[in-house]
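What follows is one chain in structure tokens, specifically the form predicted alone.
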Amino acid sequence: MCVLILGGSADANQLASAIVGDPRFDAILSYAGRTENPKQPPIAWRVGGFGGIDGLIDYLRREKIARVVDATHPFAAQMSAHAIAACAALSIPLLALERAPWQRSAGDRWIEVDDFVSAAQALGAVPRRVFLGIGRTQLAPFASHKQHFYLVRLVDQPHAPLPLAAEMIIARGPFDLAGDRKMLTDYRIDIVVARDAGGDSASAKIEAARELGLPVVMVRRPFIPARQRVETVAEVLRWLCHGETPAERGV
């Protein structure tokens, strides 16, 4: 069975490791290409976009893909929407491996917003020291709020100037609680901006903010059309082997 895994998350890498060597599957992991030198997976892989819905349809047809697993980042809404449309056009089964959103815990001081423009506005007019834990592509809305100090952590050194004045940390996760608590303390951060990525691989900054009593501007996940979804690699493997999800089995 030819399986396309749309990657970009720790979950996708875990799935690739779980499926490697299984003679039932001929799997390929696709990276969007936003990160330089991505971690090489143990299965075949490719880097780059497909050229929209039509390009993805052509790829699926050409490579004789039988199943697609969307294990992209929860904020990769466009890629997920393209996968839904392309798979529907070719009647190819699609399953999303999507980690559950974070849940507010005791001690959390969340300010929940719907987008990054609203997140920038939520910082207010008074100058603050802000950690932007949102990646490189969503920084522009904060550029017009120049009164704040910004700390940005990026996987790769940018090849062009950032759209805002910010201090940068270049580091590749996953990050741990002790390290993120030290980072927030050393830079005297008083508010964190984060995407609701969910899962454990990006949660250290949320846990550190909770321990330090810092507010977090939490950007809700973007809308993605309805699709079958599961939260664990084990459920994906069961779907690939038996063609059903726990919901379909009535579990």
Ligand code: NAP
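Predicted model only: the values in this text are computed from it and were never measured. We number the residues from 1 along the sequence you see.
Beyond the structure shown, there is the form predicted in complex with the ligand, which is absent from this document and is the topic of what follows.
Here the chain stands alone, but in the predicted bound form its contact with the ligand, taken as any heavy atom within 4.5 Å, falls in 44 to 52 among 59 to 67, 44 to 52, 203 to 211, 182 to 190. A single residue from the set Ala76, Leu132, Leu95, Ala120 has any heavy atom within 4.5 angstroms of the ligand in the predicted bound form; that residue is Ala76. Contact check for Arg34: a heavy atom falls within 4.5 Å of the ligand in the predicted bound form. When the ligand is considered in the predicted bound form, Arg153 lies well away from it, no heavy atom lying within 4.5 Å.
Looking at Thr137, you'd find a heavy atom of it within 4.5 angstroms of the ligand in the predicted bound form. Although the partner is absent here, His148 is not a contact residue: none of its heavy atoms lies within 4.5 angstroms of the ligand in the predicted bound form. Annotation for 182 to 202: the only interface residue with the ligand in the predicted bound form is Arg195 [heavy atom within 4.5 Å].
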